[in-house]
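For reference, the chain that follows is the form predicted alone, supplied as structure tokens.
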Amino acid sequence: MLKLGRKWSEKLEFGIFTLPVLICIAVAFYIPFAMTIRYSLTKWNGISKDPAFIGLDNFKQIFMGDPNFSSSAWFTIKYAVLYIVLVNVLAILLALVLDMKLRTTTWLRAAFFVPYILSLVIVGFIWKFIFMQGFESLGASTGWGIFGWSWLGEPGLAFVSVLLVSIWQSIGFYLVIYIAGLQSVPDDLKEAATVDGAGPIRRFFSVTLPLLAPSITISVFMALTNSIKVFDVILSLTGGGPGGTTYSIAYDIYRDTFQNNLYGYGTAKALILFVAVLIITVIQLTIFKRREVEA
């Protein structure tokens, strides 16, 4: 009886301490998510008290008759693929350099990480000034034609601008992850590979890279989720222009919901984005975790 009473008291104590957390999670996530599902099935302008229930019409219109959604989805896919590959490759290369014992290693690490502290909205406005006025001054002083290009006025260059600014701002975060991964690689394995006659490139691909698998999993996961949800840098840098060619899915949702007052329609798009991110991240984590075990 004494043991049974102690177990009940422990469960009660556990429930008392976890109940506030569960309530906060429900208020912050589960209840809004349920409301999102409800509003995605309605036609609502965000003002009227009684949204009109229309069933799956919003989803039918999104997949069958919304060119903005298809173009923004294609932009997001291109951006995500290039961002994931470039930011991880560059971060690994920089981590290899900064993992060496150089006099300026500490300062260089700080210099690469500082942009990540800044908000992407602020970074977007800074680079907008650089592209529009800074490059003009550099072109006048150097005579280089690259500074005279319309970096935010042409669709291809605007896409490249968004991609480069995003990588510049966030590469410090991935750099820290990879440096931590490199420092966890045992030195005796590198020395053994050197004794066996392996050169630097061979050591990297045969020893270092397989042991970086956990860091790669984390970095690719973060890069994937961040790139699919890209919004703030587009808002501040290009505003979706020129001519809507830099609309991402998140920006298209923002435009429909808060600019066009199509709250039900925008909520349906947000739900589709949530499901897409969930499925893609589960697949990515499953594949990479399996490779970690094999490595």
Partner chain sequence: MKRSRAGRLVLEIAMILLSLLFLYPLFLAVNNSLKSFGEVMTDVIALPKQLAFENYSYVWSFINYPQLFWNNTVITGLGLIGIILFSSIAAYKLARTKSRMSLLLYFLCIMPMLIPFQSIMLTVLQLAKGLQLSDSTWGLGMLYWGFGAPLAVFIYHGFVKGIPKEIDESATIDGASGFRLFFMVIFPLLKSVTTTIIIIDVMWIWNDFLLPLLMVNGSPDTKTLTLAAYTFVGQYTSDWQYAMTAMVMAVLPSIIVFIFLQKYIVKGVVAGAVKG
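Note that this is a predicted model, so its numbers are computed, not measured. Positions refer to the first chain, counted from 1. Between two forms, the rigid core is the largest collection of C-alphas that superpose within 1.5 Å.
One more form of this protein should be noted, the form predicted in complex with its partner chain, which is absent from this view; the next part is about it.
Engineer: Tell me, yes or no, whether Gln61 is in contact with its partner chain in the model of the complex, where a contact means a heavy atom of each within 4.5 Å.
Structural biologist: Because no heavy atom of Gln61 falls inside 4.5 Å of its partner chain in the model of the complex, the answer is no.
Engineer: Heavy atoms within 4.5 Å of its partner chain in the model of the complex: does Lys78 have any?
Structural biologist: No, Lys78 sits far enough from its partner chain in the model of the complex that none of its heavy atoms falls within 4.5 Å.
Engineer: Contact with its partner chain in the model of the complex for Gly134, defined as at least one heavy atom pair within 4.5 Å: yes or no?
Structural biologist: Within the cut-off, so yes.
Engineer: Does any part of Ser141 reach within 4.5 Å of its partner chain in the model of the complex? Heavy atoms only, please.
Structural biologist: The answer is yes: Ser141 has a heavy atom within 4.5 Å of its partner chain.
Engineer: So which of Phe204, Phe113, Phe159, Trp149 gets a non-hydrogen atom within 4.5 Å of its partner chain in the model of the complex?
Structural biologist: Answer to the contact question: Phe113.
Engineer: Considering its partner chain in the model of the complex, which of Gly55, Gly243, Gly65, Pro32 comes within 4.5 Å of it through any heavy atom?
Structural biologist: After the contact test, the surviving option is Pro32.
Engineer: Since the partner is left out here, which residues of 86-116 would have a heavy atom within 4.5 Å of its partner chain in the model of the complex?
Structural biologist: Going through 86-116 in order - heavy atoms within 4.5 Å of its partner chain in the model of the complex - the hits are Leu94, Val97, Leu98, Met100, Lys101, Leu102, Arg103, Thr104, Thr106, Trp107, Leu108, Arg109, Ala110, Ala111, Phe112, Phe113, Val114, Pro115, Tyr116.
Engineer: Honestly, after the rigid core fit, is Leu12 moving at least 2 Å at Cα between this form and the one not shown?
Structural biologist: Yes, the C-alpha moves 2 Å or more.
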